[in-house]
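Just the one chain here, laid out as C-alpha cells, in the form predicted alone.
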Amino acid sequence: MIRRHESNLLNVSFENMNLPNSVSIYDCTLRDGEQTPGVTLQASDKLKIAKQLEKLGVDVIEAGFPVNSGNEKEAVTLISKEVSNCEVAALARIIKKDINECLDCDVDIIHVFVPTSQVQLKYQIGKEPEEIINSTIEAVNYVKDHGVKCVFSAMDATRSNINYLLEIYRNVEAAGADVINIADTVGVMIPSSMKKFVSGITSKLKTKLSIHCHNDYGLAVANTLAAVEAGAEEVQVTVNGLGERAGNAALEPVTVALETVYGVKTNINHKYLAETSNLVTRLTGVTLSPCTPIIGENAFTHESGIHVDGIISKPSTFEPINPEDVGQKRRIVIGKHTGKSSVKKALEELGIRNIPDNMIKELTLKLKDISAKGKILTDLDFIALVQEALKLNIYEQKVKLKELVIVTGFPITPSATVKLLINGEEKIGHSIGVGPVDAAAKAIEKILDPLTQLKLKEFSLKALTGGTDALAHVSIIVEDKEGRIFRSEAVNGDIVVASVNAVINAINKAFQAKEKEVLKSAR
C-alpha cells in the first residue's frame, strides 16, 4: 500500500461519508480509452496493455466491445485467454447478438448497458421507457443464465429521472446483476451533487455500486471520489484519463487519492503507475501535459528556490506523496525561479562541493538572467557555465558528434550515417529507420551498444516557437543495464540534430557515472 503522509490530512474531514473499506478498480482503457479520437490499437498492442494492467493490479479489465468488429472480438478473446490474475470483461448492448459475441470470447464479466435519460431514449434509440425495462431484465437474465457475471450500466444515469432510474436498478438487482453502474456519460455532475445522487441510490439497493465518470468539465476524478464517499465500491477509470471527448476519470489520481487521502484500500501496485502510463502513451500516441497529476513530467519537478529549500530539507514540505511510490523520480531543474539551493544541489550531482556561497550566488544570478531571457538551459549549457564561472574542467565529453548525414523523402526509406569521436577515435555507423530520427538513433546504437548498453525509455519532442522555423526541444530518458536513469535534453532548429545531441548527451552522462563508480571502488 502506498505511504500516507498524515500531515496532509490536518484539515481533511471524513464526516458524513459512507466510505467502503476497499474499492475495486475496473479499467476501461482498452474500450472507452480506445474511443479517444485518433486512437486505434492492434490486438497485440491491446494485449501488451492488458498484461501491464494485470501487473499493475487492476481488478477488472474491460477488453473491448466484441460486436464492433472481427478485430475487436479477436483482441477480447486473446486477452481473455492470456490474462489470469484479474477478471476480463466485454461490453454489450441489451441485445442477445451482442451478448453472444461476448460469450464467444469466454470473458469473466459481460457489461450490458442501455440509455436511461429522456433525451437519449427519445433521440438515440427511440424506445419507450417501459420497453427498455423489459429488455434490460431479459438481457441480465440471459447473461446470468449462461453462468457469467453481469455488470449493468445505465448510460447517462446522471441526467435520468431518478424514479425511473431506481425502477430499472431494482429490476436488474432482482434479475441478479452482480454490479450496478452509475454513468455520468457527458460529465455534467458536480461533486456535491454526485455524493447526494449516489447516496440516494446506495440507500435503496443492496447490490455493489460502480461509478463511471467523464471529464467534460474537468470534474471526472472529483466526481468519482464523491461517489466513493457515498458508498460506491467500484470505480471505472482509464490510464492517463483517455476516453471520448475530454476523456474519463484517470486511474492514477483516483487510486492514489483513495489510498493516501481517504485511506481506502485498492489492489493497485502504485510503483508501476508511471511505467503503465508511459506504455499507454507510447502505444496510443496521446501525449500528456507535463502538469498531469501523479504521472506528468513535472509532477515531482521543482524549480522555485523556496520550494527547493524545503524539498532538500524534508520532501513532504512540497510533495504530498513520495515520487518513488508511484514509479517517478524527483527532479530539481535550473531556470528563471532557481535559488542557490538548486544550484548547490546540481553542483553536488556533478561532484563539486565546498564552493563558497558568494560564488554560488554569482552563478545563480547568471543562470536566472539567462533563463529570464527565454533561453532553455540544457544540461550541457549548465555544465559549460559552471566550467567558465569556476574555472574547472569538470566534464569532458567522451563521445562527440563529428558528422551526421540524413537521407529521407518519399518513397525513400530514411537512412542515417553518423560519425562519432569516441575518446578521439573516429567511429562510423549506418542504419535505416521508420523516420530520420529513428535511423540516426539506430546508427548511434550500432556504434555504442557494446560500450554503453543503454535502453531508450522515453522520447519527447516539442516546439519552443511557432512557425516552420521553430526550435525543437528534445528530452529523452535512457536506462543502463544496472537500472540507472539518465535524463538529457537538447535544443536545435533541426529536429534530427536536437535528437542526436540529446542521445549523445545521455551517453556521456552514462560514461561519467561509470567513471565515478570505478573511482569509488578503487578507493
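The first residue of the sequence shown is number 1, and the count goes up from there. A quick note: this is a predicted structure, and the numbers were derived from the prediction, not measured.
Missing here is the form predicted in complex with a small molecule; even so, the following discussion is about that form.
#### Entry: Non-hydrogen atom contact residue 479 with the small molecule in the predicted complex at 4.5 angstroms
Flag for residue 479 set to no.
### Message
Is residue 262 part of the interface with the small molecule in the predicted complex - any heavy atom within 4.5 Å?
### Response
No, residue 262 stays farther than 4.5 Å from the small molecule in the predicted complex.
### Task
Flag residue 489 as yes or no: does it have a non-hydrogen atom within 4.5 angstroms of any non-hydrogen atom of the small molecule in the predicted complex?
Because no heavy atom of residue 489 falls inside 4.5 Å of the small molecule in the predicted complex, the answer is no.
### Task
Tell me, yes or no, whether residue 46 is in contact with the small molecule in the predicted complex, where a contact means a heavy atom of each within 4.5 Å.
Because no heavy atom of residue 46 falls inside 4.5 Å of the small molecule in the predicted complex, the answer is no.
### Query
Thinking of the small molecule in the predicted complex, which stretch from 278-286, 163-171, 182-190, 201-209 has heavy atoms inside 4.5 Å of it?
Of the options given, it is 182-190.
### Query
the small molecule isn't shown here, but in the predicted complex which of 142, 300, 113, 272 has a heavy atom within 4.5 Å of it?
The residue in contact is 113.
### Query
Of the options 441, 75, 91, 150, which one has a non-hydrogen atom that comes within 4.5 Å of the small molecule in the predicted complex?
Only one option qualifies, and that one is 91.
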